[in-house]
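Okay, so here's just one chain, in structure tokens, the form predicted on its own.
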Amino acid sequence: MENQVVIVTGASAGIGKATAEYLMSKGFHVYGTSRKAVGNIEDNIGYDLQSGGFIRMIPLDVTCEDSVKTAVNNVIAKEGRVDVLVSNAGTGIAGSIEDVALSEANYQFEINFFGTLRVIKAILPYMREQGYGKIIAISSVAGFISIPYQAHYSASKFAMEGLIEALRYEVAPFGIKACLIEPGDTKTDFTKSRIVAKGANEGSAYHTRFTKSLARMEKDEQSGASPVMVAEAIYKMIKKKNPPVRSVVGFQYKLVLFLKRILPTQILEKVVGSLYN
């Protein structure tokens, strides 16, 4: 596992940062990406002297195809290969379906779904040529249970799950593995950086319920698991020769996934409704 080359998108904070630091401690050559990163590939570097791993922060905007290609090409030029992609960059928009403008919904998909797609498409030719590689996309519990007032975030994660499930079939003949990590509530800056739809104001018919639901979400997130727990789950997936299609982080969320499979839809709706309405 030592000295594997990994690209982690969205590595400036939260799960991405925790993952980059954890993999560095295991001896990985980590290229963390962020829109905020400045300088070239030789800058912004941190070392772990014990493991021999390092993190280099490089600029990459998942909404810009040229930016994605430049970042991936620079890593290939530096290392000659990419062993693992952790596609983590994402954002969240909250509000009722009626209140979220189409432009806001487009932005949600542009980052979470199409951003993931751009990075995967940029890296696949190199992994095919290598004859191996792992692609790990960070989804969410919201990728298998849609959450009220986060419909567009949930939909972007549902779409990601469909993408990765199909990708597994397509790239398997080339020795490439693709899988999903599904975190539940995690204590990160994602909570304060969530975008609230402009239409979700006091004039909205949904305002009272939305406000109550959002407060519940934020409380659960800030009482949630450490992002290091997600990083550990990612590392376990990297180590597996044949990783499963998905790995849910946290026992309670594994239970939720199990209940979705066995409970009648009406009962599941009542459970979710009681939590977020």
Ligand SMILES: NC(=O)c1ccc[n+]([C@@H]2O[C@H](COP(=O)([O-])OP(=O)(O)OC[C@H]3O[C@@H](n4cnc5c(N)ncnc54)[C@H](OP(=O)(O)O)[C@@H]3O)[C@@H](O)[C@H]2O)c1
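All residue numbers refer to positions in the sequence shown, first residue = 1. Fair warning: this is a prediction, and the values are worked out from it, not measured in the lab.
From this point on, the text means the form predicted in complex with the named molecule, which you will not see here.
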item	value
Contact flag, Thr186 vs the named molecule in the model of the complex, heavy atom cut 4.5 Å	yes
Interface membership of Asn201, the named molecule in the model of the complex, 4.5 Å heavy atom rule	no
Partner contact for Leu60 in the model of the complex: the named molecule, 4.5 angstroms, heavy atom	yes
Interface membership of Val86, the named molecule in the model of the complex, 4.5 Å heavy atom rule	no
Site test, Ser34, Ser139 and Tyr153 vs the named molecule in the model of the complex, non-hydrogen atom cutoff 4.5 Å	yes
Listed range touching the named molecule, judged in the model of the complex by heavy atoms within 4.5 Å, from 73-81, 177-185, 94-102, 123-131	177-185
Within 4.5 Å of the named molecule in the model of the complex: residues from 8-31 (heavy atom criterion)	Gly10, Ala11, Ser12, Ala13, Gly14, Ile15, Gly16
